[in-house]
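The form predicted alone is given below as one chain in structure tokens.
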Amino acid sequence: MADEITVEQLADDMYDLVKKAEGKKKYKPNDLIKEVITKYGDKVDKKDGKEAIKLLMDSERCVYSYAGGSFVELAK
């Protein structure tokens, strides 16, 4: 379907959010999931968001950091 959102597309959107916010804001994993759910509405759910974050980590484009909580940051 043309309007179906893939996990890869969600991962790309999340990567863009993290990249734009670098140095200004750190995203928690749930904040990223909420952002894409807000953007796409009923077309995505929390499970899709978790899979997209896993894809970002597996592709080594992003990493988890810890500073009083878990955050998603760009891999260096």
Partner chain sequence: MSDSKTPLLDELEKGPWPSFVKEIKKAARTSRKAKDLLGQLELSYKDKKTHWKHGGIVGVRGYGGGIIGRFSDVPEEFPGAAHFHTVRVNQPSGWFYTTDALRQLCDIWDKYGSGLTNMHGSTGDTVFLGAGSDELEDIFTELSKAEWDLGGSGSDVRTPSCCVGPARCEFACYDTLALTYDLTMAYQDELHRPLFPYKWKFKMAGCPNDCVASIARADFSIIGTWRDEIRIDQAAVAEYAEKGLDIQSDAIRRCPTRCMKWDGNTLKINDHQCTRCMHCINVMPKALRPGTDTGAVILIGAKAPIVQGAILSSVLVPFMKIEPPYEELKDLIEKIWEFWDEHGVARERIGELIQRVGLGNFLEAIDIEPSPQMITQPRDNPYIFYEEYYAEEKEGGEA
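Since we're looking at a predicted model, the values are computed, not measured. Positions refer to the first chain, counted from 1.
Another form, the form predicted in complex with its partner chain, is not on view; read the next lines as being about it.
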So in the model of the complex, is its partner chain close enough to Val44 to count as touching (4.5 Å, heavy atoms)? no
Interface membership of Glu8, its partner chain in the model of the complex, 4.5 Å heavy atom rule: no
Might Ala21 be said to contact its partner chain in the model of the complex, defining contact as any heavy atom within 4.5 Å? no
How about Asp16: is it within 4.5 Å of its partner chain in the model of the complex, going by heavy atoms? no
Using the arrangement in the model of the complex, list in sequence order the residues of 17-48 with any heavy atom within 4.5 angstroms of its partner chain. Lys28, Pro29, Asn30, Ile33, Lys34, Lys46
